[in-house]
Every structure is written in C-alpha cells, then in structure tokens.
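Read the single chain below, which is given as structure tokens and is the form predicted alone.
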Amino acid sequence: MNISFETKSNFTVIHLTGRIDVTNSNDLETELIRLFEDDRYNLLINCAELNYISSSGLRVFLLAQKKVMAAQGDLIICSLQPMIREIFDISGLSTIFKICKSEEEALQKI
C-alpha cells in the first residue's frame, strides 16, 4: 500500500494505492492518527488505485469515520473500484460512509 496526501479546499485528500490488509492496515491507521493530531478532520479518501481491502482495512475506515464524526468533520470516500464497492455494499458500509463516484464529484459537494 502507498499513501499520499494533498490539500484541496479545506479537505485533506488521501490517495491510497495497492492493497490494504492485515500486514499494513496499522500503517494507514497511524497516518490517520497523525492527521487527527493536527486537527485535520475533513478527509477525502480517493480509492481509485486501491485494488484490495480486507476487514482490517475496513476497520480502519470505520475508526476514522468515528473520529471524524466526533470532531464534527467530514469523511468522503471516492473512486471505489467495482469489487471494493461491492464489499462496501454487501457489508452495509455504503450506508455509513459518504461515497462519491469521483474526486471531482466529491469536491463539488464540499
């Protein structure tokens, strides 16, 4: 997994590439904690190049959502690959998260 960041509007855009699984989900969690320590609670997670997510990765997304909501921030997920979108739909997570088709669509909703 590779993680990169950029700022657009008042959002931190997080680009995820590769796989999120038990071997690296803690790395993602650590990076998110750093953002929260800097009071950055408006997050846009771009998954255009994410090709796999395990339950441990989904757990990190849920923890982030909980932190963001507690701080009255906003978390948007965009550009899910069809297989990953199906995982979100089957698990019921697509009703918990704001999901947009593209980063452009997400930024228009901010």
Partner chain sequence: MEAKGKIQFVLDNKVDELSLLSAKVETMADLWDFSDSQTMNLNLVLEEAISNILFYAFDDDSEQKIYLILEYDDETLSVEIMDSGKPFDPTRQGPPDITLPAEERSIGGLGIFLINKLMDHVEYCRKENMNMLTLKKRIK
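Source: prediction; values computed, not measured. Numbering follows the first chain given and starts at 1.
There is another form of this protein, the form predicted in complex with the partner chain, and it is not shown here; the text below is about that form.
Checklist entry - So which of 62, 33, 71, 48 reaches within 4.5 angstroms of the partner chain in the predicted bound form, heavy atom to heavy atom? => result By the 4.5 Å heavy-atom cutoff, the listed residue in contact is 62.
Exercise. Does residue 53 reach the partner chain in the predicted bound form, with heavy atoms at most 4.5 Å apart?
Worked result: Flag for residue 53 set to yes.
Decide whether residue 99 counts as a contact residue for the partner chain in the predicted bound form under a heavy atom distance cut-off of 4.5 Å. Close contact is absent here: in the predicted bound form, residue 99 is far from the partner chain, nothing within 4.5 Å, heavy atoms only.
Query raised in the report: Is there a non-hydrogen atom of residue 87 within 4.5 angstroms of a non-hydrogen atom of the partner chain in the predicted bound form?
Result: Judged by the heavy-atom cut-off of 4.5 Å, residue 87 is in contact with the partner chain in the predicted bound form.
Worksheet item: Does the partner chain get within 4.5 angstroms of any non-hydrogen atom of residue 91 in the predicted bound form?
Response: Flag for residue 91 set to yes.
Given a 4.5 Å distance limit between heavy atoms, list every residue of 3 to 24 close to the partner chain in the predicted bound form, or none if there are none.
Counting only heavy atoms within 4.5 Å of the partner chain in the predicted bound form, the contacting residues of 3 to 24 are 19, 21, 22, 23.
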